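Shown below, as structure tokens, is a lone chain in the form predicted on its own; questions about how it binds or moves come after it.
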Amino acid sequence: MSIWFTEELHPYYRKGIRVKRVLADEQTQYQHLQVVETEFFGNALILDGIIQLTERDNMGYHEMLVHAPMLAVDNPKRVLIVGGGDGGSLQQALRYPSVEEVVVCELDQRVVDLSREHFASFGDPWADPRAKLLIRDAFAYLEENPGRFDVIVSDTTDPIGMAERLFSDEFYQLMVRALTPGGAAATQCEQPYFDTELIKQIYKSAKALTKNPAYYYANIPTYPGGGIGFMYVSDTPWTEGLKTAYPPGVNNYLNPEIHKAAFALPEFFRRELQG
């Protein structure tokens, strides 16, 4: 008998993937956490019934989220990852030789523990001495660290429950305040078809705070609509990243052509975003 995991974020849209077996299933202090082995996408991390990543297609998410801001900053040294307990964004940030410290501010220790156990392809980046894990609320940490980070990556769940605050004007203000001059940030910023109004609100906030915000997106089949968007937030144009060498290691999604094309918006969405 086939077992299917079905995700329904909207009353008019659902998706499903075939599951071979359940590897972990527990209610943590903050959320319902599951790890399943799927038929095609490998192991998948699921939080509160929503797929966060799979082994097969996480490359599109993690590489695009991390490298767009990292490549736009000259020799980034200090990086903050908000969320990111699975370690995928951490793995990408640590590829840069200039990086001296990556702070991961994750609320749920169990996300870290189970991801280390079930996502070996991330190579256990937590063992790198430059990685620093903080199990705490990111809001307070940002307030305590103005002007500290060259790059900030907001690797969050969807804006549901506690994560709603990470899509607020207040969060973006704190994030920009925590950047060094010339620094850059990127945030998980939902899906153009389903979340247009939220993205418009976030873009408006980013535009009021920085000179060169931009929305971009990537193809990830297991996310709603087959893709996810990101908000680039910086005074430095994202095009600076097209002049910078990629870090050592292999990219599986990002290349110069994809990097440039990701910022080209479909016309219906460009009109919505730019008024």
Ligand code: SPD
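Here the structure is a predicted model, which is why all the values come from computation and not from measurement. Residue numbers here begin at 1 and follow the sequence given.
Absent from the display: the form predicted together with spermidine. The rest refers to it.
Close approach of residue 53 to spermidine in the predicted bound form, 4.5 Å, heavy atom: So residue 53 counts as contacting spermidine.
Do residue 216 and spermidine share at least one heavy atom pair within 4.5 Å in the predicted bound form? Close contact is absent here: in the predicted bound form, residue 216 is far from spermidine, nothing within 4.5 Å, heavy atoms only.
I'd like to know whether residue 155 contacts spermidine in the predicted bound form, with contact meaning heavy atoms within 4.5 angstroms. Residue-level check for residue 155: yes, a contact with spermidine.
Within 4.5 Å, heavy atoms only: does residue 60 come near spermidine in the predicted bound form? Flag for residue 60 set to no.
At 4.5 Å by heavy atoms, is each residue in 86, 188 and 224 next to spermidine in the predicted bound form? Checked in the predicted bound form: all three residues contact spermidine.
Within 4.5 angstroms, counting heavy atoms, which one of the listed stretches 224 to 232, 27 to 35, 207 to 215, 237 to 245 is next to spermidine in the predicted bound form? Among the candidates, contact is made by 224 to 232.
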